[in-house]
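For reference, the chain that follows is the form predicted on its own, supplied as structure tokens.
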């Protein structure tokens, strides 16, 4: 049997934890396109992704996930559509401790839904911080339907990242099964 590859996009606002998410789970040294930040207004951290992050995880002998992390800054959003091409699912990472980014996260979610009608999950990152919003409150703030999977996440924790990826993978495989049954 041939190995199936699944392209997954990890997206979200600036500093939501996308690079850390890919870094935590990738079995290869991730390809990162980080550059120094010159704007003082964005100096929450020292670097930002300018093109993409790339990682890979082998689920089993038959399945490999390719992870593509997007840039979070709007000035690099031209990469979003390129990275979305061929994706079978996506993860929107939300910084649970920065409510000022929630609107941006919702806008990014809607943008990626417009690119392709693929399964997705919302991962509430930074749940290990004392000021992180509870999932129920975050769902209300993001105006998400109850049927949208929202999962707790700590992007630097491999098990947490694995749980988010598995939930998305279950949704993707369910979608593939439905498509095969309708043929």
Partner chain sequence: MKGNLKDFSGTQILNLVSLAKRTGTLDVRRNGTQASLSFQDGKLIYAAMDDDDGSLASVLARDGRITREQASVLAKRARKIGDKQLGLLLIQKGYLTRADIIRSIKKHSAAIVKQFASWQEGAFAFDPGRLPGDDRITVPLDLENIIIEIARVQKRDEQLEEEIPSLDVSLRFVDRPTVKLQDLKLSRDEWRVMKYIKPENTIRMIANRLNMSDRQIRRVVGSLREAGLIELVRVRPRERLTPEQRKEKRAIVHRLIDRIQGIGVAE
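Since the structure is predicted, the reported quantities are computational estimates derived from the model, not experimental observations. Residue numbers count along the first chain shown, from 1. We call the rigid core whatever largest set of C-alpha positions still superposes within 1.5 Å between the two forms.
Only in words, not in the display: the form predicted together with the partner chain, which the text now covers.
Taking the partner from the other structure, the partner chain in the model of the complex has a heavy atom within 4.5 Å of a heavy atom of residue 65. In the model of the complex, residue 158 approaches the partner chain with a heavy atom inside 4.5 Å. Residue contact check for residue 28: none of its heavy atoms lie within 4.5 Å of the partner chain in the model of the complex. In the model of the complex, the partner chain sits beyond 4.5 Å of every heavy atom of residue 141. Counting a residue when any of its non-hydrogen atoms is within 4.5 Å of the partner chain in the model of the complex, the one hit in 117 to 131 is 117. For residue 174, a C-alpha deviation of 2 angstroms or more is recorded between this form and the one not shown after rigid-core alignment. Note: residue 147-residue 177 Cα separation is 3 Å or more shorter in the model of the complex than here.
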